[in-house]
Ligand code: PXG
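Presented as structure tokens, the chain that follows is alone, the form predicted alone.
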Amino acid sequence: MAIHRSSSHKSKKLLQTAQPEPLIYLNGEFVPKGEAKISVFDHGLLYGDGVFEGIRSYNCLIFKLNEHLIRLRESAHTIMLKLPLTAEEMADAIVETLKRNHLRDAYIRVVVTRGEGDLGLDPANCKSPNYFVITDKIVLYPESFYRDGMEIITVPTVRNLPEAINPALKTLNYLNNIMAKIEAKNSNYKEALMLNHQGYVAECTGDNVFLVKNGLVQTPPTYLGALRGITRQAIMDLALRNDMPCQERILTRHDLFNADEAFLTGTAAEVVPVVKIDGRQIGKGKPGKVTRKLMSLFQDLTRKDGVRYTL
């Protein structure tokens, strides 16, 4: 019996080690994860100089791919970074990466850096951008958060000034969000609410924030420091198409504390209810009917809005 168990254990170990490494699309080539490398002189690493997008695929449908690629192009254009691929070429690269990794449901990270340069700041010394596509699984929050709702906390770190780093840009410089995430984790929370420099609600570290009050769905305007989220816009569109009034409004923590419902949206998070903020119960302390309806509508949307591919 001991010999049998040992043999079985070895067989399982061999099966585990036989699993191929995920493939990364790097500068026009597919390379195993362990071989996907760029220079330590890349300005994306040295200075956070680059742009990215996080995208989802659901059952071989890349959700809102065109919208993500438009935002990638706009972010790159604003920081004067020339994308090495057209939108069509980038879409093809994403599809092929998913196919080669045999992924039906995935999180997709598209990154374009300024490229290898010197130790100075001047981007003109970076001759060629680096670009890569990563496809993998992601579970941002436990299932219980979607069923029962989550609790969040406001942290001291405020959102970057829009006049300093425009929140419309998805750049590799994410230290502002990371510091807020650290503060949340230090207080045993999974997510943090960030205010802007005026004390108005901006967004969370990786998600947009919504509230519902007297049937009106509300979210902060992007000019106060919120990212123009793809999922955020999808939820606003779904609300309006389904006779749920929805507006961008300047919000304070007082507004959130006294909301009937609250929820977060994001590519990785999707739609997650919030039932307590800074120790204050939101509404009845459980996911509300508007939130649950929007969660259902969003799930339906992910089955039909995007670019289809086959494995």
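If you're wondering where the values come from, they're calculated on a predicted model, not measured in any experiment. All residue numbers refer to positions in the sequence shown, first residue = 1.
Only in words, not in the display: the form predicted in complex with this ligand, which the text now covers.
The candidate spot formed by Asp49, Arg73 and Asn173 lies out of contact with this ligand in the predicted complex, as no residue has a heavy atom within 4.5 Å of it. Interface residue remark: Gly54 is counted as part of the site for this ligand in the predicted complex, having a heavy atom within 4.5 Å.
At a distance threshold of 4.5 angstroms between non-hydrogen atoms, Asn177 is in contact with this ligand in the predicted complex. Within this chain, Arg109 lines the site of this ligand in the predicted complex, having a heavy atom no more than 4.5 Å away. With a 4.5 Å cutoff on heavy atoms, Pro220 does not count as touching this ligand in the predicted complex; it lies far away. For the residues Pro162, Gly206, Gly117, Gly149, the 4.5 Å heavy atom test against this ligand in the predicted complex is passed only by Gly206. Exactly one of the stretches 41-49, 264-272, 27-35, 249-257 approaches this ligand in the predicted complex with heavy atoms within 4.5 Å, and it is 264-272. Contacts of stretch 216-248 with this ligand in the predicted complex, defined by any heavy atom lying within 4.5 Å, are made by Leu227, Gly229, Ile230, Thr231, Arg232, listed in sequence order.
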